[in-house]
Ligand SMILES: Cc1cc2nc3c(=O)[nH]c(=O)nc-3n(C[C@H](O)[C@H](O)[C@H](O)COP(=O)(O)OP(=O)(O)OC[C@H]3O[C@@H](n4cnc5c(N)ncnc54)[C@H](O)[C@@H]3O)c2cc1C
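Have a look below at one chain only, the form predicted on its own, in structure tokens format.
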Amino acid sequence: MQELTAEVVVVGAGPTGLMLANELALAGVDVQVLERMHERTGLSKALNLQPRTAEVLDLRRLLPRAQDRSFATVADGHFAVIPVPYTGWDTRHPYQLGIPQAEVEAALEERLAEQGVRVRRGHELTNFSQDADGVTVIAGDLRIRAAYLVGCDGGRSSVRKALNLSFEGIEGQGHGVAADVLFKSTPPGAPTQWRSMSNMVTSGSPGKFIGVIPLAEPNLYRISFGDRLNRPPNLRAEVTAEEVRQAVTERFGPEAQIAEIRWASRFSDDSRLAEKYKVGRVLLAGDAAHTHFPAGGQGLNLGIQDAMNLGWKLAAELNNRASAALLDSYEEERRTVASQVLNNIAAQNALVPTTPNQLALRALFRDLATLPEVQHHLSGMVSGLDIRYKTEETHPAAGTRLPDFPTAQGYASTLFHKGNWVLLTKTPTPSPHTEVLVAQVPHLPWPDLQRILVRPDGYIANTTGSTKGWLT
């Protein structure tokens, strides 16, 4: 048995775990990443980064790596497959970035290696125990003593199960399938570029859907299909080639010829949320804490933003700079966001018509979704741009994301590359804390303010500049 020590053990090397490990390493935290798979699968899985996730990655100079690996820029999002543009939001990234999950993982793991951290693959968590001082983790032939353990190990999380946490929510009625399909030639009527969500999903009968997204390789498509009213007896049953062929024929006709089915996976329309995100020295993030039907393309993005929120708080705790309540605020903030996402997923599911009345409701909602105010509201939800964390201040800026506005030093996002706090001020102001970088600017996005204290994750802590309640 190999004995190791670390400050944090991260279980799971998906986007959430890798983002968290990067954030911890940036702060000088000794982190070990355990992954049961011996190598990355290379499977595309999730396909998008939402605008807020692009902003989050930009705060850490990670966005260019993702852009280099992307295959599409999509001008809008969607709510219940009704396109909603991102116009009206003050963002430099008013789009979805089309990028396979495997490429997101590659970009994050590349940066992690540059920070001197390698993923320990082929090490499946088998046991852990915690006490007042830390956590002992067993994974194969490894025994690691750490201060904290974070489960980023997906919807079937072994960490969550070991904590005996309930994972309650809405049990759906249907299922879906996602498959990457290579055709012998472009299917009749199929799009060749992904630029909008318009007409990407069709429905031939109540409850059924078929979605088509062209991927980077010629004639390679993501085919998503399913039935929201019926599910197979075994949701873990392997997707058959015949199922995929039937969906392709229904969407494109018998002329469409499949050359290869590269990957196929079945998923449910359940929505679940862990009762807690933190139990002692063990925490959860990403799908380990919440799962849902992939409506609106929010899942991977929710996990990356969990990791960003947790990373700087956990680092501050380990570096003895955090207030007593800082780490606990991770659950308060991110569980609230996940609950809101599950609610908007449920609303989207309700707009899938299975009766004449629901068909009429969807038609009415589609009309409403053409109104700028409604589009703004819906796009804010699915993109993450509307997140506002609870603060004691009533000013509209408090708790919201900082727009990436130009300053004399460059765009504001460049001030956060080292994971530090930033005090933006119009007048000369001393730093209130050694962790706070002061940047004098000629103007702020809110003209009535003289200064704003911004957290390492780009959210506004307050308009006074005080670190009380945040840092010691």
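So that there is no doubt, residue numbering starts at 1 and follows the sequence shown. None of the values given here were measured: they were computed from a predicted structure.
One more form of this protein exists, namely the form predicted in complex with the ligand; it is left out here, but the text below deals with it.
- For a residue to qualify, one of its non-hydrogen atoms must sit within 4.5 Å of the ligand in the predicted complex; all three of Asn48, Glu124 and Asn301 qualify.
- Residue contact with the ligand in the predicted complex: Gly311 places no heavy atom within 4.5 Å of it.
- The closest non-hydrogen atom of Gln375 lies beyond 4.5 Å of the ligand in the predicted complex.
- Using a 4.5 angstroms threshold between heavy atoms, Ser158 counts as touching the ligand in the predicted complex.
- Proximity of Gly77 to the ligand in the predicted complex falls outside the 4.5 Å heavy atom cutoff.
- With the ligand left out of view, the stretch that reaches within 4.5 Å of it through heavy atoms in the predicted complex is, among 422-430, 437-445, 30-38, 407-415, 30-38.
- Residue Pro294 is the only one of Pro353, Pro294, Gly134, Gly88 with a heavy atom lying within 4.5 Å of the ligand in the predicted complex.
- The contact with the ligand in the predicted complex, taken as any heavy atom within 4.5 Å, belongs to Phe267 out of Phe267, Phe365, Phe71, Phe183.
- Applying a 4.5 Å heavy atom cutoff to the ligand in the predicted complex picks out Val11, Gly12, Ala13, Gly14, Pro15, Thr16, Gly17 from 1-19, in order along the sequence.
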